[in-house]
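The form predicted on its own is given below as one chain in structure tokens.
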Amino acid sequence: MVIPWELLVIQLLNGVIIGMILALVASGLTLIFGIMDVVNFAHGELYMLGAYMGTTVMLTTGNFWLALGGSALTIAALGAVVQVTALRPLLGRDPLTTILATFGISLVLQNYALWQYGPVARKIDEPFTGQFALFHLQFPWYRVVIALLSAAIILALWLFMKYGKYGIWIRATTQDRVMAAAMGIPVPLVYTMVFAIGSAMAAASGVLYAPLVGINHAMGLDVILRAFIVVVVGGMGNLAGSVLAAIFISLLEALASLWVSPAQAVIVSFIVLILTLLIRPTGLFVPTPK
């Protein structure tokens, strides 16, 4: 079967766009794991609640930017509360304990959304309705916008981690939390701040992606599975690796969907995950030590 090159280019563009959204979700997940050593199974539900919150604000005010910022701040506050009340007392215990705790939190949040918003999926219109000509098709501007916004948020996180005062605190805690505490860095506050930032990134990605896929109480299940695959392939705790892995996997799925259905194309990501665990368990995009 010969694929027209125009369709191939469009699929590559779609792969990059979906990859940037997935990178935004995975960046928050890998940040939390890299700093706190916590595998956050509730990350998908924070993504889902962010989508619901953003949609509510969007329908109320009609302002997309207010919806994006308000949702991120609200879910960041929720993440901080969750970390202080449910995860902070478990620090230093067996990793299985925090896994079970975050899994329990995900069930609570999912059932809360089901109770609050109901089982019927919601659809929100794209805030930007313009299109541009791409070969023989009209391609939505909104898809380009969400890719650029996702890249901007990830870049802002990188700049914050590299040059910001609190970003330096976070990096110091990552390298040696005992020495960081001895130097006067409030490690518990750093953990709370990291969890809040990761939660805000999940919420932002939910708001950006909601117009494309719709919203329901179980939407976090699919994204958390794919985000974990990205984190493993990119390297646990490796922010740059997660971004590259998200784009790489999304491109593979986009190309595979030219020959099989999108549901079957997802199998490609599992194949990449298995090969990564067999060949290079530390991650495909982790630099090789010299």
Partner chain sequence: MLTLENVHTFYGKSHILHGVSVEVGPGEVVGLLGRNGVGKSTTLKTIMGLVRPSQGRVVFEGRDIGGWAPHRLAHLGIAYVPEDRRIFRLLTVYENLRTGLDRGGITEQRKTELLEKVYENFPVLRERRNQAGGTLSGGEQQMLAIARAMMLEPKIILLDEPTEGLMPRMVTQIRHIVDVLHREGVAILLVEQNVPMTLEVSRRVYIMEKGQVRHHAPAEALREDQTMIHQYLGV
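Positions refer to the first chain, counted from 1. All figures in this text were calculated on a predicted structure; none of them were measured in a lab.
We do not show the form predicted in complex with its partner chain, though everything after this point is about it.
Although the partner is absent here, Asp176 sits close enough that one of its heavy atoms falls within 4.5 Å of its partner chain in the predicted bound form. Among heavy atoms of Phe132, none comes within 4.5 Å of its partner chain in the predicted bound form.
Though the partner is left out of this view, Leu87 does not reach within 4.5 Å of its partner chain in the predicted bound form, counting heavy atoms only. Contact annotation for Gly118: none of its heavy atoms lies within 4.5 Å of its partner chain in the predicted bound form. With the partner omitted here, the residue from Leu100, Ile185, Leu91, Val145 that has a non-hydrogen atom within 4.5 angstroms of its partner chain in the predicted bound form is Ile185. Stretch-level contact analysis of 204-212, 157-165, 124-132, 68-76 against its partner chain in the predicted bound form, using heavy atoms and a 4.5 Å limit, identifies 157-165.
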